[in-house]
Each structure stands twice: as structure tokens, then as C-alpha cells.
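We begin with a single chain expressed as C-alpha cells, specifically the form predicted alone.
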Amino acid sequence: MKILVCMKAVPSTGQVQVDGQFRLQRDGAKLQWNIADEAALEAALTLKSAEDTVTVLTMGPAKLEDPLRELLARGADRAILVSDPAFAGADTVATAGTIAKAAEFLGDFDLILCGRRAIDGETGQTPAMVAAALGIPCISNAESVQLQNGAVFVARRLESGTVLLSVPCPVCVSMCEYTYTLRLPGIMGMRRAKSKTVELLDSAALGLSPQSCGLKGSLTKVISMDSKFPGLRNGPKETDLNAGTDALLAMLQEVVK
């Protein structure tokens, strides 16, 4: 079983600058792995048997090489950095197209795992777009995933509860955040990671033209941006605990009518 885990490095602070084209300036920002993507990686490592391989892939700047090596120390077998100045400013369409090209370049994967959404963009579009580009099914909002006889069994979160699905491989599954807690790197894992190489893929290796990736290949154009802060709500102030509880209960009952 060949498992690919797509990871994204996101700003670890809300104080991120944007440029004249309303793109996030990530160069000087402190980055962390997206929370839902960490759950996807732990799910892959939990599924992995002695015969299976787990490959982690991310698209971003060259400084992500060391964070990728840390993922090798946590148990991944192979780390891929998709990096090229031409990839800068990519929207979900261009990002998914680039990731799909990288997945095809690396070989046939039985299972692709990723987070259901990134905390910086919150679009939740990329996993399904990657699956569509590869021509494979996609299961979103997964709470758990298991493998059996060449198929995945997924518990998928819905607004009304949970549905259990069985889909034959290959398939792409996007994991909900906090469903799997990513393990810490061990001493032996850190030693093994030092001897491994983080592989680099650029636009030339993937056969991508400048017009098909990055900002030029993006269909989304941000034309304006504004910061909105919630205003203070004007309402009665209640200092009595019982009276306040009764008032809150009345408000909730009115909402659900």
C-alpha cells in the first residue's frame, strides 16, 4: 500500500501581511503544519504496516525542508518538497493541479490523505480538486479511516451525524482536524531522518508551464480586502445568575422555534 499525505504549512499567527495583489506574505511569517493535515499524517502512520510506505508532500518555499525532515523523524518514509517561484500566489485550482501533477510524477498511490481545510484559507476545496484531477473518488470530513482488502472504510462527519462508507482504492480522503493526534518524533526516528533526503520537485520536473501554475494559473482573483471586527451587542445586562439563565434559555427557545 502506497499512501500519500498532502501537508500545508500555514502561518502560526493572525498578524500576517499581504502584498499589493492581496497575497499572504509567508516569507517572514512563522509557519506551522496545518492542524487537519497533522491528523491526516497520523492516520497514515496508524494504517501503515511493514510493507506499506508513507510519503509526505508539501508545496511551499525552500525553508520547509527542515520541517519536512521532522515529519520523516515522526515516521514518514519519504518527503517531497514541491517548490518553485512560479508556484507563488496559487489559488486552490492551481494548487490542486500542481499537487496532482506531483502525485502522478511520483507514481500510483493507493490512498491520498489530507486535511479537510487549511486554517489560513478555510476553503476546503483542494482535496476534492486533487481527486478530480487524478480521476479518483474523494471522501471529505473523515473522522476515522481503516483499510481492508484494497478498500477504505471511512466514518464521515455530517451535520446530522456520521455515515460509514466503503470505497475501493485508489481514493482521496480529507480528515477532520483533531481526529488523530500526531505522534512525537523518537530518537531512532530522528537518527533515520538525518540520513534521508528531502526530494525537490520544481515546475520543470513536473512539466508545468508558467501559465498553468502559481498566480498566472489561478482562476481566483482577489480584488479587495477589508478587516471586519464584531461590534458590541446592545442588550440588557443581567447580574442575577438565575435571571440571566432564564433570559438565555428564553433566547435559545426562540431561536429553535
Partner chain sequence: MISQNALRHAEKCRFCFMCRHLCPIQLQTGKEVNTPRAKGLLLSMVNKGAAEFDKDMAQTMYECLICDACVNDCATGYQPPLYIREARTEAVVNDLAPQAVMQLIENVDATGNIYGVQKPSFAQEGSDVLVYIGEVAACKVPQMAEGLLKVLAKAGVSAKVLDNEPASGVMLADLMGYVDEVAQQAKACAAAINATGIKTVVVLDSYDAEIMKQRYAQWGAEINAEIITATAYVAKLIEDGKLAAKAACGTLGACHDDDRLARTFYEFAPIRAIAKAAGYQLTEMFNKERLAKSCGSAVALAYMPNIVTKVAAGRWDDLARTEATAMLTASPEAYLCLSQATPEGKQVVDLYSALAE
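Positions refer to the first chain, counted from 1. Predicted, not measured: the structure shown is a model, and the values here were computed from it.
The same protein also exists as the form predicted in complex with its partner chain; that form is not shown, yet it is the one meant from here on.
Q: May I ask you to state whether G97 is within 4.5 Å of its partner chain in the model of the complex, using heavy atom distances?
A: G97: no contact with its partner chain in the model of the complex.
(Q) Just checking whether A204 would be counted as a contact of its partner chain in the model of the complex - the rule being heavy atoms within 4.5 angstroms. (A) Contact with its partner chain, no.
Q: State yes or no: in the model of the complex, is some non-hydrogen atom of K48 no more than 4.5 angstroms from a non-hydrogen atom of its partner chain?
A: Contact check for K48: no, nothing within 4.5 Å of its partner chain in the model of the complex.
Q | Q148, heavy atom within 4.5 angstroms of its partner chain in the model of the complex | A | Contact with its partner chain, no.
Q. Which single stretch, out of 76-84, 98-106, 176-184, 148-156, brings residue heavy atoms within 4.5 Å of its partner chain in the model of the complex?
A. Selected stretch: 176-184.
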